[in-house]
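Starting off, we have a lone chain in the form predicted on its own, written out as structure tokens.
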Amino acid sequence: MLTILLLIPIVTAAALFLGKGNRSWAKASALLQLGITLLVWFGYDQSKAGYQFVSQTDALFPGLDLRYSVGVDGLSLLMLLLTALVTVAAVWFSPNMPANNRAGLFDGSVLLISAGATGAFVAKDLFFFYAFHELALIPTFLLIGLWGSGERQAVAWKITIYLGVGSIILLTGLVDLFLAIPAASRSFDLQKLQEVAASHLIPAAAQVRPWLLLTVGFGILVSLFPFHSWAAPAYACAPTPVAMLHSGVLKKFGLYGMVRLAVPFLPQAFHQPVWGTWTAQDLLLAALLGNIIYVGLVTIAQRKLDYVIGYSSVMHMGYVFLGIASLNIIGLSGACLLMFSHGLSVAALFAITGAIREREGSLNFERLGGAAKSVPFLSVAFAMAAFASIGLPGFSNFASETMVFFGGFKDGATGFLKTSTVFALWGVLISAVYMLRSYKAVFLGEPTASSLKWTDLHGTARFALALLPVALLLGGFFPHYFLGFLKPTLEAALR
């Protein structure tokens, strides 16, 4: 079933590249992808740890345990659901363009991003885990360079260089981690590697270098401070579906990789000194505070809606890293649920931002205002996504951020971890300032002559967008349901 899930967007993208079909094919592919994901979700036995729905081939090379292998556990299943939900919304918010403007290339590239993210999350082999992510980056660069706005080509080159360097460092870290494992226990299979991780075969001193390489590599891909400068301009210039899929889904690959690899394999590295008396955990805490406090203040200073949403996405990555740095079940559970919650809320915000750009042509606050009278559905949807991003009770962001903060104070937490958590709490106030100000600037006050002429969303576009806040509400009212899927996986990672 997982192989079919992978093939659906890839085959549809190939057909669109060849000039077969149209936008309706992409929409059907996204809906089918969501349907199969829900079948996997409701067919998954959350009482069991380990991978389910496993499908694999024989070894691709003699003597090397490298094979096509897919499966899902609780963590990858949650990321799979996020990917499917955002893909449906992204396809519906793709700009309309005539067939002679390479519409098939655009829609097919959007589906390839989704396919790459799906493959990375379901891959049970270390090589394919990396390779599927790289597959998703190629159409990302292409879409920004060809169909982006503003300084799209300069931004496309910048993101290519940043993420290319991050991928090289990540690959070096993966190789270093692989070689750090005793030769008799080496494997590309993540399920076998989890058993190796539980045996703690890598000495503490040998964990520091791969930890640093993985954290820098994943950190660049996630926009961890100070490697964050590529993200906001890229999202501001990117076409709407690219901003939705990359910020909402693909950027979670780095966080997913930290939980999947750094936490179970290199737990002792977090407490090893790497720079004077500073431990690896201390360095990570200092970096994530840069995301939350510094980037948060930068977000307040923005005067364009797309840059506000872009920088806010960078800021919230700090909370997830805080949960990972806590190295306990409460903090990690909050981090993983926040990956899901943030992906939904930021995708909804970028979808609405794209809709406003289509109607106004500008996202400068001074040219906007009073739009709630003409586009009430967009106004309510933006308010729900903004409240979720702030962490308002009732949305899954609140439950996840609360768990992250509790994880920072759990028994055994270091002094700097507790201090960092106190500073991180100020991020909630910072995010409330820029989100509420953005809502006021766009939807409240006296309407402009232009906003009075805006048309609201209609038909299936409303359904596609509504999927995201509805999922946020379900996660907010029933977080224990989602956490039930995560618990066995995270307990196994922390053994």
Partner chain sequence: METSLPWIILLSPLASAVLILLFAHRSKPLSVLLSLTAVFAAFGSTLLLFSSHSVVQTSATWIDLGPALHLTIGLKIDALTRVMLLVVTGIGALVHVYSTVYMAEDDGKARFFGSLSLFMFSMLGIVLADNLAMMFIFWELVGVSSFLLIGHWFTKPSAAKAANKAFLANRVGDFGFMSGILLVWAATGSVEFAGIQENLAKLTVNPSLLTLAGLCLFCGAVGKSAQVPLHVWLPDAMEGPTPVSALIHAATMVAAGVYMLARIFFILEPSPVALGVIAAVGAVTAVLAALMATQQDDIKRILAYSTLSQLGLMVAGIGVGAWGASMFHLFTHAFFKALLFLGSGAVIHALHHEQNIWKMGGLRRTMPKTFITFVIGTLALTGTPGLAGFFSKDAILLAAWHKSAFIFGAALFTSLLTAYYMTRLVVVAFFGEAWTPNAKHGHDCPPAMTVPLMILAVLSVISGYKFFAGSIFGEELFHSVHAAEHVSLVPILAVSVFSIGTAGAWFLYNGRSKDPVKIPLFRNKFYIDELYASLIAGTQDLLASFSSWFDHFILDGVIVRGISGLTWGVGYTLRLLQFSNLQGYAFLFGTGVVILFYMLIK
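Computed from a prediction, not measured in an experiment: that's the story for all the values here. Numbering follows the first chain given and starts at 1.
In what follows, reference is made to the form predicted together with the partner chain, a form of this protein that is not presented.
> Under a 4.5 angstroms heavy atom criterion, identify the one residue in G119, P210, G391, G254 near the partner chain in the predicted complex.
The option sitting close enough to the partner is G391.
> So which of G150, P226, P95, P273 reaches within 4.5 angstroms of the partner chain in the predicted complex, heavy atom to heavy atom?
Result of the distance check: P226.
> I'd like to check something about L436: if you look in the predicted complex, is any of its heavy atoms closer than or equal to 4.5 Å to a heavy atom of the partner chain?
Within the cut-off, so yes.
> Can you tell me whether V428 touches the partner chain? I mean in the predicted complex, with a 4.5 angstroms heavy atom cut-off.
Result yes; V428 sits at the interface with the partner chain in the predicted complex.
> Going by a heavy atom distance of 4.5 Å, is S167 a contact of the partner chain in the predicted complex?
Contact with the partner chain, yes.
> Would you please decide whether H200 lies within 4.5 angstroms of the partner chain in the predicted complex, comparing each non-hydrogen atom pair?
H200 lies outside the contact set for the partner chain.
> Out of the stretches listed (344-352, 155-163, 69-77, 190-198), which one is close to the partner chain in the predicted complex, meaning heavy atoms within 4.5 Å?
Stretch 155-163 is the one.
> So, a 4.5 angstroms cut-off on heavy atom distances: do all three of F141, Y294 and K487 pass it with respect to the partner chain in the predicted complex?
Yes, all three are in contact.
> Relative to the partner chain in the predicted complex, which residues of 474-493 have a heavy atom no more than 4.5 Å away?
Sequence-ordered list: G476, F477, P479, H480, L483, K487.
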